[in-house]
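The chain below stands alone and is given in structure tokens; this is the form predicted on its own.
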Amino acid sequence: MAIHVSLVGRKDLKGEVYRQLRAAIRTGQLRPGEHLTPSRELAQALAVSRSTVVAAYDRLAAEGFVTTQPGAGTFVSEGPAHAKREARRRSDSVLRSRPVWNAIELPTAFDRPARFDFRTGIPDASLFPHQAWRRLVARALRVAEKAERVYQHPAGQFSLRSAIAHHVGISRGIEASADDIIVTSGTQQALDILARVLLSPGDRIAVEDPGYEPPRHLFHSLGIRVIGVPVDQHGLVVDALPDRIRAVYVTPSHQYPLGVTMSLTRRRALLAWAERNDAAIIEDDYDSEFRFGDRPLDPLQTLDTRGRVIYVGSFSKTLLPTVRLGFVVAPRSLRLAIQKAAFISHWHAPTLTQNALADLIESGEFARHIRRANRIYRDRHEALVNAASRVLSDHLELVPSTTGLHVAALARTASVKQIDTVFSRAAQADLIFHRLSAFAIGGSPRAGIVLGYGAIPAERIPEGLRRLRRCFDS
């Protein structure tokens, strides 16, 4: 790898090459064992004589910073000079971020997992169809070798948009063509694009309270005013929606974090409210693929007759979060604007991944994966509900839920502060979960917990909940 050396305005050329290479070694920019640029190539790049570079290399070798291997080249030393390396000290930057970023915390999904991992939003990576995916990625690479290597359309690969339209048509009853689909890098980017298209700084968007944190921070960072609206056992309380709302963001299939499903009556009421108030509805069909009972309700997008609903989906829970692909089903009136917003935001998602996912869906492998995963998650859901009912019933009341990868539980007597204490004790017991209070928007957070079962085997759930019981009783 060529190392940057600047000789502009410098007089002692040999000394400058030596000093800058030595500094790069001491600060770790050049690492032990790294191959230095051959002296002839570096001399040509710097427009100096080769002897200038050779003299600098010889001095570095004499001081133990580099070693020379005949026929192989010059390498950064592994010896004593390595011990002298020290980080370059820089004065703190005068630049400061906007205050909005001070309130945002990075998610715990990056943390070391606990043995009893009840975090939400984490699917079981062992269920991912690795063998089929490797085959399809290899195929996508072979196709890419013969294809024209240019940027693609911001709406996404046509093959994937067509596959998604077919998939949501069968699995969710959504009437859409490939032209209605815009591929994104997950739900969060879809929401970022939609917010830019629909809302201006100062506009108000209604979100569920309690609700998913990242979209709330996203809207806030764009200067949009976020208004929390309560959720009950039937979903978003439509009658509590205030005036002057430009858009509503909802998770009707499996509300995050309470896990309730929005009733058909509420869905129709929300559509009627949006029509009266000239507002948009962003429907995040969170966790809809995994259902363990009851008949599925039509998505808001299917019930919508006025083109007010923008449907958002993701493959982060059905496959893996690292796949980083999601999609928007856009009304025709917004389609072009969303494509333009996608273009200025990220141009397009990685084409290799898009092509592999398109083949996974069209081959039927994706549907087979969903059926298999659904059976396994159903067993975990039953194991969690049954064990919690036996072990934790005097402390917690489960919120009924038959969809998705998590269950919420309200505290019977414990306060929010007491739940915080239980949370701290659980960490000592190698157990982790989410506190319901962390998802509150208003000033009255609910005391309770949220238990995910995507990342924990069914056989480990009872012992995890017994440990949780001891954390309550301590």
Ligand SMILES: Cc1ncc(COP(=O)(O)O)c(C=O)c1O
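Keep in mind the model is a prediction, meaning the values are calculated, not measured. All residue numbers refer to positions in the sequence shown, first residue = 1.
A second form of this protein, the form predicted together with the named molecule, is not displayed here; the remarks below concern that form.
Picking from 234-242, 368-376, 196-204, 247-255 the stretch near the named molecule in the predicted complex, with a 4.5 Å limit on heavy atoms, gives 247-255.
Distance criterion of 4.5 Å from any heavy atom to the named molecule in the predicted complex singles out T187 from the list S401, Q157, T187, S288.
Residue-level contacts in the predicted complex: of P210, P299, G259, G121, one residue has a heavy atom within 4.5 Å of the named molecule, and it is G121. Contact annotation: D284 falls within 4.5 Å of the named molecule in the predicted complex, judged by heavy atom distances. For R324, a non-hydrogen atom is located within 4.5 Å of the named molecule in the predicted complex, even though that partner is not displayed.
For the chain shown alone, Q152 is not a contact residue for the named molecule in the predicted complex, no non-hydrogen atom being within 4.5 angstroms. By the criterion of a heavy atom within 4.5 Å, S314 is counted among the residues contacting the named molecule in the predicted complex.
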